[in-house]
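Next up: a single chain in structure tokens, the form predicted on its own.
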């Protein structure tokens, strides 16, 4: 797929993620003790042989730039091509952008200058592991204008933003719906679209010249009867992050060996920025059960069914259950933490009790002291 340009939309998200995306774009959201959401789609692109990837940014992008750097962990730090992080350009500031077509218009020069025949346009909010080679084969065989990667979700009513597809026996999309209250289909787009570069350029210009700003609404939905749009089904694990509850559940899924194997124990690895730290230290009174603990932690208390990021300290007598604790947080003695998400560098002082619910976890913002 060296004739393909990857464009990853890793920018802003809606209000559903609250405190978690206040200091960062959704692509930079930490997951699974050591990764960021953008790592998954970026690794999938590289594992597919895509060697030129552009990531446009909008606001609060410092953490994303810090994580991606030159692209070295993904072998994208190249003299030619490789990874390019694209600051807000073109059609106004990030606050004036009304949709993803505005973002793409801001990097239109980059897209055109790539010279690649195809563009793989993706979001960054899904945890999955695949390559796109077979999707490309199908795209060429069907002569599609757009191929949409989707997966089947029997219950998709809670999704805050999604595109439902209805496909015929040949896989051609015959109908679409966007954010329906009562979905007609369980086939849901993964926000991954394959098309020719010139086709994308044409539709960016066509839509914006008519005051249209959204790729799904103004290209897919409006042109579904005229264009050849085909669906490509992905059948592996796909963890969608669209609100706080889904973010919590995707992390908890990592405790399932089958899910962990589907994501990480494949021939195609999920790559991330490497941070060398000492092994975690466990005190004599430490008890850790069914949890993922990253490097550099100091554990003296009890940890059960939890995801613990790098550099976390849990003091003696503290109990952490069903929780996500991000990097460099401190949980002092006597604390009880359950069904909660702690962002980076949070301090929970002695004997505090913070309890949420699995379907509505408690969230403590970055750098907070409780």
Partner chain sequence: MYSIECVAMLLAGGQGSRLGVLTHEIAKPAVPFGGKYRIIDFPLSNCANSGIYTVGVLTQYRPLELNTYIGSGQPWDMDRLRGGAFVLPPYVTGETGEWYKGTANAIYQNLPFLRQFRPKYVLVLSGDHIYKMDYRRMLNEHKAKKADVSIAVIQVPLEEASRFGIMSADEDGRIFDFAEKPKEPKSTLASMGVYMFSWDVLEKYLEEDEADEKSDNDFGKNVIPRMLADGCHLHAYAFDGYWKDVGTVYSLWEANMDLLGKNPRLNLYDEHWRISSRNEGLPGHYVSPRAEIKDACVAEGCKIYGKVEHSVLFSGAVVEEGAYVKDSIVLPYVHICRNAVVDRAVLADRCEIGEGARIGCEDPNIPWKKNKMCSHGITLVGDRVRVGADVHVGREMMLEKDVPGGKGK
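Residue numbers count along the first chain shown, from 1. Bear in mind the structure is a predicted one, so any value in this text is a computation, not a measurement.
Unshown form predicted in complex with its partner chain; subsequent notes refer to it.
Only one segment in the set 98 to 106, 143 to 151, 173 to 181, 283 to 291 has any non-hydrogen atom within 4.5 angstroms of its partner chain in the model of the complex, and it is 283 to 291. In the model of the complex, its partner chain sits within 4.5 Å of a heavy atom of residue 295. Within 4.5 Å of any heavy atom of its partner chain in the model of the complex lies no heavy atom of residue 85.
Its partner chain is not drawn, but in the model of the complex it has no heavy atom within 4.5 Å of residue 58. In the model of the complex, no heavy atom of residue 259 sits within 4.5 Å of its partner chain. Note on contacts: among 222, 266, 277, 138, the single residue with a heavy atom within 4.5 Å of its partner chain in the model of the complex is 277.
Residue 34 is the only one of 52, 34, 336, 344 with a heavy atom lying within 4.5 Å of its partner chain in the model of the complex.
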